[in-house]
Ligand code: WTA
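One chain follows as C-alpha cells, the form predicted on its own.
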C-alpha cells in the first residue's frame, strides 16, 4: 500500500455513522425505488442498460453497436449521429415545454432575466450564426472566458450546435493560465465580455484578454458581450461586439443543429495534473450526453415542477455537466446567479432559494462550511420549505458540515446527494439516489452501470475497512476519450497503473461493511482547494518564475473552510535576503500567474528540499512533517 494512502488514513470520517433513511415523501416520488435490484441488472448487462437510457433521447441516425472497447480507448453508440443541443433545445421546443422557463438568472445587483425554451433556442441559434460569420466551422476550437451570465450558456451551446469544440476557461483564472489554454487548444476565436461582477466589484475580463490576444498567434477574432457597459479597448479587425453582429440579418436565420458522429468532440476542459501543464480532457457528444442525462435524472429526480440550482461556474466540469447540459437535457428549469454567496450579506443564497422556490440545491462543501461560520440565524430568516433535495460536489463533505446542511438548510427532510466524480468521468459515478439510506461523509455506492472497486497496489480487492486505491473496472459512456493531442499521456496517467485493466481515479478510498465508499483523498500531487483541483507543479512553477526563487515545493493542508489550503516551501537564490513583505509579494505573484485561487496560504523559507536520488522532490515527507504523520520509507531520500 502506498505511503500516501497510509498517511491520509487518519482523515477519514468514522464509517460507523448513523444511517439516515429516505423520508417517506421523498421515497414515494423517487424514480428508482430499489437500488440493489436495478444496480445488479445494470452490472450484469451494462450495454443493455446504457442502450435503454440512450433510447430516451433523440438521434439523427441509430447506432450499429453500443460499445467498441479497445482498451483503453472506447467508442460508444458506434455509427450513430446526434447533436447534444438538439436534445437540450429542439426536442423540447417541439412540445409544450416550448413556453416553459428554461433559465432564470439574477445578478448581485438584483438584475434579472428569464428565458423560455423557445427563447433559449432562438438565442443559441443567433449566437451560432454569429460564430459562423466569424468563420467558425465544425471541429474548430473556441475558447470561452466569461462571467456567469446567460450568454455564457448560449455561447457554449452555440459552439456545440455547429460542431465546434468549446474550451471554457474559468473567469477567475489569470492571464497566463488563459494564454496557455488558448495556445494548447489552438483556438481561432475567443468569446469574452467587457467584464463581470463579483463581491460588488467589476472583474475586467476584456483588459485581461487584451494581454493575451496580442501574443496568441492562433487567435484571429475576439467576440465581446456587453455586460458592464464600461468602456473597453476594441481593436479593429480583431475585436467585435456581440450585440452588433447579432443584429445583422445573417444572424437571424435558422441554424439547425449539425448532425455529428456520436464520437465527435464536444469540448476540451483543462484540469491540473502533476506534470506541470494542464491536461486537456476531451469529451464527445453521444456518450457524454447519455451519461449526464441519466445521472441527473436518477440522482436528483428532476421533473417539470422542479427549480434546480447548481451553484458552480460553467468554467468547471460541474458547470458543464450540471448547469448547462444536464438540466436542459431533462427539460428542467434551472437558476443561475452571478455573484458571491455572502454579498451583500451572508443570507444571499437563502434569500434566492426562498424568492425563486428552488427545490434542488447542488453546492460544495467549501461553500457550506463558509456559510456555517455565520450561524443559523441567517438561513432561519428565510422560508426554505421549497427545498426537497440537497447536493454536494467537489470533495468529500465532512460529517459536521453534512449535518449542518441537513439540519439547518434541509430542515431534516431533504436528503443530501453527495456525489463523487471527476472532470475525466463526465458525470456522477458514486452517489446515492433518493431511495438510498445515507451516512454523513460518504457518497455511498456506485451508480447504475458503473462498476468501481477499492484495490491494493496489485489490483486485488481489499477487505472492508482497509484503505486502497479507487478504480473503475469497466468503460462508461461519459468517460474522457483521450487527452487533447496526447493519447500516450492518456494511457500513462489513467490506465498504466494496472496495465490497462482498470481506470485509476487517483484517489485513495475505503469500503465499509455496507459497501459504502469513503473517499480519503488524492494519491498524487494535486491539491483540492475549495473544490478546485490545482497541480502542485503549476503552483511551484509560478513561484519559481519569481526572480528571487530558486526552488519551491507545495503541499495541501486540511482547512476548515476550503477543504485544503496550500503551503509552499521556498528556496531563494543565493544572496537574496527576504524581508517582512516577501511572503505577500510571492503570494501576489502566484495570483498573477495562475489566479487568486492558487495563492499559498503559508510560505516557509527553507535552505533545501527533500529529494530522491533522481532529483524528485519528496512532497510526502514535507506533508508528513507538517501534519505530524508517519514519515514512512526514506530509502530513496538523497540526504
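Residue numbers count along the first chain shown, from 1. None of the values given here were measured: they were computed from a predicted structure.
Omitted from view is the form predicted in complex with the ligand, to which the following refers.
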Stretch from 110-118, 312-320, 226-234, 159-167 whose residues place a heavy atom within 4.5 Å of the ligand in the predicted complex: 312-320
Proximity to the ligand in the predicted complex, single hit among 216, 174, 530, 422 (heavy atom within 4.5 Å): 422
The single option of 507, 306, 538, 123 touching the ligand in the predicted complex, heavy atom within 4.5 Å: 507
Partner contact for residue 519 in the predicted complex: the ligand, 4.5 angstroms, heavy atom: yes
Touches the ligand in the predicted complex: residue 396 (any heavy atom, 4.5 Å): yes
